[in-house]
Each structure stands twice: as structure tokens, then as C-alpha cells.
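Heads up, the chain below is alone and in the form predicted on its own; it's given as C-alpha cells.
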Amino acid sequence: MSAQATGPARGRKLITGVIGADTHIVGSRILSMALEEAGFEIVALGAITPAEDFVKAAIETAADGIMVSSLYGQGELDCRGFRDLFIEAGLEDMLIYVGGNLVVGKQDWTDVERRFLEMGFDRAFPPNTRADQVIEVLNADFAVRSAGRRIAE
């Protein structure tokens, strides 16, 4: 059974895409389909997406959140300055998530997650995170945003 978007999450618009030179689109596409099934409106940018294109899409579509995927291990390089682009565009409150195989080699996930949070991402999902887990987190985050908090605890 899939998690469903209800209450404040239903109808929220999310931008999905694979950042940088990464061509690994399958995971992003599966997540996009699951999010749509759960009631989110998805704008899928596809693979090999420059960071600036996420910002442009967010502005053009009045998006509620950004879902960045990276599977080729270079996410840490591709995502540097990502939050700054949103701040410069006046979108400092945008929810920004990242997930996938974000770094090269076996690294402690706690350290990887910390680095992405320090870069300004609201959440970082480890490899093999299931779509229903992402949907649960999104539902919780959008619910608390309605109450004035940034993300759920």
C-alpha cells in the first residue's frame, strides 16, 4: 500500500530531476511516478539537468519543493551552491531534497547527510530509500509548514 498525499500535501507541486552530468534517470522516474500516484503534481526535468534549471522550473511553475537525484557519485560536487541559487532567486524558503548515490565509495551515511544538510538541503535520502518513505516525509514536512515550521522533526 502506498502512502497517500492528504491534507496540506495533496496537490503540492514538486520539481524532480537528475543533477549534473548524471544520466541515471530510472530512479528519478520511479519516484516521480510514485509521487504522482500519491497526489503530488510533478514537473520532471529528466537527466543531465544543470542546477540553474531547477531554479528556473521552480519559478516558472510556482513549485512547492525540489527533488534532486544523483546516482553517479558526484552529487556532492554537482550540488555545491544549490541552495544559494534559490536564495539569489528569492526562493529561500523552498524545500529542497536530495537523494541517491550521492558520493563516491562507501562512506558513513551520517557524514554524507551532514554535508548535504550543511549545503542547505532540507533532507538527504540515502541510497535505496523507498518511494513510500519519501512520500511519508513529504507529507509530514508539508503538514508542519502549514503550522509555520520548516520541516517535521
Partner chain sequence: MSDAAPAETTRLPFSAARIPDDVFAAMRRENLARWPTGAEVDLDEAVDFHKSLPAHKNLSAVMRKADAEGRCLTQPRGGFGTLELQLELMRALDRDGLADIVPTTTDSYTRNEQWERAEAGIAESEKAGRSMLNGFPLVFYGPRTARRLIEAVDKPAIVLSGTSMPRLTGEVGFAAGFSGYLGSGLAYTTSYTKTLSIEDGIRNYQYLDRLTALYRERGVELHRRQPGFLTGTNIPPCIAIVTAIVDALLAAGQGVRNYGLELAQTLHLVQDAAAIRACRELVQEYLTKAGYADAFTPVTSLHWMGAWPYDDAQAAALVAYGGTLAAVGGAISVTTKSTHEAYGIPTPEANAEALRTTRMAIYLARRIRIDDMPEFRREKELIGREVRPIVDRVLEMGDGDVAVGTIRACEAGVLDIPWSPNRQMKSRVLPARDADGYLRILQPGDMPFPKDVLEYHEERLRERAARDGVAFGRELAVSSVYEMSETLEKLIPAG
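Residue numbers count along the first chain shown, from 1. Bear in mind the structure is a predicted one, so any value in this text is a computation, not a measurement.
Beyond what is shown, the protein has a form predicted in complex with its partner chain; the following relates to that form.
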- Task: Check whether Ile87 has any heavy atom within 4.5 Å of a heavy atom of its partner chain in the model of the complex, and answer yes or no.
- Result: no
- Message: My question is simply whether Pro127 lines the interface with its partner chain in the model of the complex - judged by any non-hydrogen atom within 4.5 Å.
- Response: yes
- Proximity of Ala21 to its partner chain in the model of the complex, heavy atoms at 4.5 Å: yes
- Item | is_contact(Lys56, its partner chain) in the model of the complex, heavy atom dist at most 4.5 Å | no
- Message: Would all three of Ser70, Ala140 and Arg149 be in contact with its partner chain in the model of the complex, where contact means some heavy atom lies within 4.5 Å?
- Response: no
- Task: Taking 4.5 Å between heavy atoms as the contact cutoff, choose which of Glu37, Glu113, Glu41, Asp122 touches its partner chain in the model of the complex.
- Result: Glu37
- When its partner chain is considered in the model of the complex, the residues of 76-114 having a heavy atom within 4.5 Å of it are Glu76, Leu77, Asp78, Arg80, Asn101, Val104, Gly105, Lys106, Gln107
